[in-house]
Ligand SMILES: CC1=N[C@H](C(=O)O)[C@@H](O)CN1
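Coming up is one lone chain in structure tokens, specifically the form predicted on its own.
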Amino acid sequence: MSGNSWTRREFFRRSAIAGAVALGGPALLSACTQTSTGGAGAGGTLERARSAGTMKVGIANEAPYGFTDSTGKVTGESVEVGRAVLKNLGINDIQATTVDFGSLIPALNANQFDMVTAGMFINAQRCQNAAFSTPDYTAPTAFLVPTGNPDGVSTFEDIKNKNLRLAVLSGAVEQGYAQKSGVPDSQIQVFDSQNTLLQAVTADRVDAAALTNISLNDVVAKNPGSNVEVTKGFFPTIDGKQTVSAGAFVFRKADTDLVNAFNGELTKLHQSGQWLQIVTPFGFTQDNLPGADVTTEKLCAAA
């Protein structure tokens, strides 16, 4: 990330997936409609949403977080988890406004909607301008390998030590992870799409391909019969630090009542197993469930 661009390009290029936007019908494309200002208490955002029976949310054009499926329904991991939490708070409807990902936090703070359901990563810069929920998911790295994982690949050190050929996505962070883990450039091949990563593995041009487990699970789901599998996700240790990426829901800083209530219900979803049922269709697994040591406070404080 650089400057104040509010981009998720780094992760978006890892996942290489995008979608159209609407929710239960045509998306609210206008960025002009504003909601009331936030705040705690009986007149705050949470109570107003309960009274209205609907929450105005901001989404971006990205699958698997918020996208239009083949039937025209807007769905996605963040949308569906957010919907479940809000229903438990007595809010049964969502109205979505579509803006560019880079405009989500500015539009939130301009009161164009009251919550962001776009799978946004928590980082220190964003935490200066908005409040994040408890981490909703993590995005560990994994490997796409032939069925049965014949080379026993589970880390970048395995790639290096076993002299294996590795495929990475152009512009994605996994190439840097591999290089900083000691994998020589001669063992790394760069491809321009998820499909070419898959083809490289199935054609035996490489021994493994590295990407987020979310993206690789999506590749496997969309290509049944390809005789490949996804290894268990992990967080690489780079320069002595474990690299943890976690996404969450975003609110205005003034809306502490809403954030606290939302966190309580989100934690219940995580602990009950309902979260896993909701997110599995979008390529998420138990590996994406945040551990107790992954906290908003730590991620906001990270350099």
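Everything quoted here is computed from the prediction, not taken from an experiment. Start at 1 and count along the sequence shown; that's the residue number.
Separately, the form predicted in complex with this ligand exists; it is not shown, and the next lines address it.
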item	value
This ligand in the predicted complex: contacting segment from 150-158, 211-219, 182-190, 83-91, heavy atom within 4.5 Å	211-219
Contact residue in the predicted complex, chosen from Val173, Val145, Ala200, Ala130 - any heavy atom within 4.5 Å of this ligand	Val173
Of Leu108, Leu169, Val206, Val79, the one that lies within 4.5 Å of this ligand in the predicted complex (heavy atoms)	Leu169
Residue contact check: Asp257 to this ligand in the predicted complex, 4.5 Å heavy atom	no
Contact label in the predicted complex: Phe113 to this ligand, heavy atom within 4.5 Å	no
4.5 Å heavy atom contact, Arg126 and this ligand in the predicted complex	yes
Close approach of Phe262 to this ligand in the predicted complex, 4.5 Å, heavy atom	no
Contact set, 95-124 vs this ligand in the predicted complex - heavy atom within 4.5 angstroms	Phe101, Ala118, Gly119, Met120, Phe121
Residue pair Gln286, Ala210 - Cα distance in the predicted complex, closer or farther (3 Å or more)	farther
Distance direction in the predicted complex for the C-alpha atoms of Ala246 and Val173, relative to the displayed form (3 angstroms or more)	closer
